[in-house]
Structure formats: structure tokens, C-alpha cells
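A single chain comes next, written as C-alpha cells; it is the form predicted on its own.
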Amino acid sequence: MSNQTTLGKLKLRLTPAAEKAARSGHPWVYGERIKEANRDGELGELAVIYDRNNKFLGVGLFDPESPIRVRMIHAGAPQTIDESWWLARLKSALARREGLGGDQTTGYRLISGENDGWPGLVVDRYDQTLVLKLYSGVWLPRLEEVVNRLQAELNPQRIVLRLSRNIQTVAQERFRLSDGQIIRGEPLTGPVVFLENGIRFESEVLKGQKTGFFLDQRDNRQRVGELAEGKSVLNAFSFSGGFSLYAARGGAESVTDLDISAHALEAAKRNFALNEHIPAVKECQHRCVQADAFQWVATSKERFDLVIVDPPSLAKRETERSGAISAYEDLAASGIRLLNRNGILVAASCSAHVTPQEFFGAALKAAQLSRRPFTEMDRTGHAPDHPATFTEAMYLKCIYLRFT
């Protein structure tokens, strides 16, 4: 019999600063900010937090092994956390995505972790396949009930489980769960094909990065397509060619995919083949270059009309922030150097530890140092299905600059 059953609910009190943060809606409580606990907690159990006046403050999911000890699911007046509560929360997240899908778009995010009230849990849709990714072990004891809710509400062909590296050991040893496991529905042997604004893409849902594709850049890909007509395009850090296909459909004369991964470039070739029924894609010259993108853009003598620089995260921890800002400036400078007259630079960052102001500042500094006249066309952030409701969640930013 568990401690939960024998000793009653887990009760916590926090430091004043953590209490204030939880009351304001911040979703994380760190272990060192727990001032008092009535007992040891178990993985995934509900932890009830009281303030200094012994009044209910909120409730979260407890993880005894993580620095983020509690992931808040509710703050404010007491509520009963039962099946109907969870179902209402799921329906609320799904309702926020109404209008995103349809005949032309069958790939998008359904649940975006803390930002939808499901801390450490993400659900992406790829056609009739759902990918459930867990970034926190708090969901492992609750996995079956989560899967049952998704199955009842969405009735997918299958649900694939993806696990962040930090929880794979406990998932295997305690719950016999593994990354890439199909936990509900039909078997799958290869990528899933889905639609995004009428373009067909593969998603490597079993083993690919994140949940198999980078759905968060959909709006920026659409914008690149609108800018690409008649242009020569370089897609640096191209992954599986998302920006490139939009550019090709938008009438680009040529597109160069640049990535260090041969696997990613092969995926880009397959994605182009999936869309050969689109005349503009078939007519576009598509080239793949396997190289270190940092080095290639810094040394190439080629020139382009549109350069996209969208590297992987350059600051995965706070200690890497200053180096990342410098790297973003260098990448922007290299991209600008490759631009023809009237060329456009599209520079993006997915580093949460680098603020929008720091990233945009680095890109603008590079533009100013180039001594080329330029105009800022736009700045963008998170797509509607990837909301950011607290500071640490604000990772995605992109800037568009035109150089004469």
C-alpha cells in the first residue's frame, strides 16, 4: 500500500518567493523552495500547497527526483481534481486549436505542456497518429488514464509514446515503457505522412527529433513561401526541408538545403518527391549540401536572394547564453554576406535562454555592422498552437530583414 493511501494527501509549504510565483500562475516549484512537507512524496501524486496562513494555494504533480519538484496544475480556489476536471482541461486545450486543422492541414500541436495546463506533456497530431511526448516522470503513473482520454476524445489510429532522455531510465525500469513505443492502436514501420497548408511532409514519429517534425515553424514557413517567388533560396540548418518546400511552392527558382546530417537531407529529398504533383515544386531546382552549416555560410562564395538561418538551440542552459548570442550575431553576419542586392535574411532562434530582445539585438547588430542599407520587415514569435504563457516557455523568435 502506498504512502498516499496510508498517510493521506501530500501537503507542502513554500518559501515566500515560491509562494508568490505559484500564486501568480508560474507552473514550476523547485525542490529547494519547498520549506515544509508532511511526508515524502511519490512520483506523480498530487501535492497540495498551502500558504503561510494555512490557506489553500494550489495543487501540482510531485516528482521526488527532479529539480522541478512540483509541476503546478491549478492555483486559486480549491477544486476537485477528478476525471471530469481532467476531461474539461483536455477539451479546453483542443478548443483552442479549433480552425487550425482541416483538409489542408493535418499536422499541428494539440497540447503544449505547461501552456495548456499539462506541465511536461505534449501531444502532436500527424494525420491519424498522435504523438504523446513526456518531459516529466510525473505522467508515467498516470499514462493509461491520459491515453484513455485522448482515445475517447480523438479516436486516432494510433498513439506513439516519446520520452525525453531524462526520464527514459525510470520509464523502462519502473513502468516498462520505452521511447518510440506504440501504446495504443495499429503498428507502424516508417514515417507518417501529413499535410501542412497543402504540402505533404514525413514525420519520423518513432525516432525523429522532438515528436518527428518541427510544427512550431509553420507560420514562418508560410511567410517564406510568400517571399520566395523568382528567388534563389538558401535554407541553412535545413533539417527535412520544411522552409525549402514552401519556398519551392511559392515559385523559388532554386532552393539549396544545407545540413550536416545526411539523414535529414535524405528526408528533404523524400519530402520534395512527395510534392512533385505541385508544378512549382517540380520545376524548382532543389540541391542538397551536406556540410557544417556554421562553417559553410561563413566561407561560401555563393550568393542568394533569400537566406534562412534557423539553427538548433544554441543555449540549452543559462551558462551558454552569452556564447549563443555571439553565435547568433555571427550567423546573421554570414547570412547577410551571402545575400544579393535586395536580398532577404530570415533568422530564427529556438533558444529559451536567449530573450527576444537579445536575439533581435544580435541580428540587428550584424545588419548594422554589414554597412549595407536594410529595412526590418517583421518579427514573429510563437504560433497559435504553441502558446507561451510564462517566461521560460518563450523560446521561438524570428526576424525578417531586407538588404538593398
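Note that the coordinates shown come from a computational prediction; the quantities given were computed from them, not determined experimentally. One-based numbering along the sequence shown.
Omitted from view is the form predicted together with a small molecule, to which the following refers.
Judged by heavy atoms within 4.5 Å of the small molecule in the predicted bound form, the contact stretch among the candidates 186-194, 290-298, 170-178, 70-78 is 290-298. Proximity to the small molecule in the predicted bound form, defined as a heavy atom within 4.5 Å, holds among 261, 164, 222, 275 only for 261. Taking a 4.5 Å heavy atom cutoff to the small molecule in the predicted bound form, the contact residue among 139, 118, 239, 304 is 239. Shown alone here, residue 209 lies within 4.5 Å of the small molecule in the predicted bound form, counting heavy atoms only. In the predicted bound form, at least one heavy atom of residue 310 sits within 4.5 Å of a heavy atom of the small molecule. The closest non-hydrogen atom of residue 217 lies within 4.5 Å of the small molecule in the predicted bound form. A residue is said to contact a partner when one of its heavy atoms sits within 4.5 Å of a partner heavy atom; residue 243 meets this definition for the small molecule in the predicted bound form.
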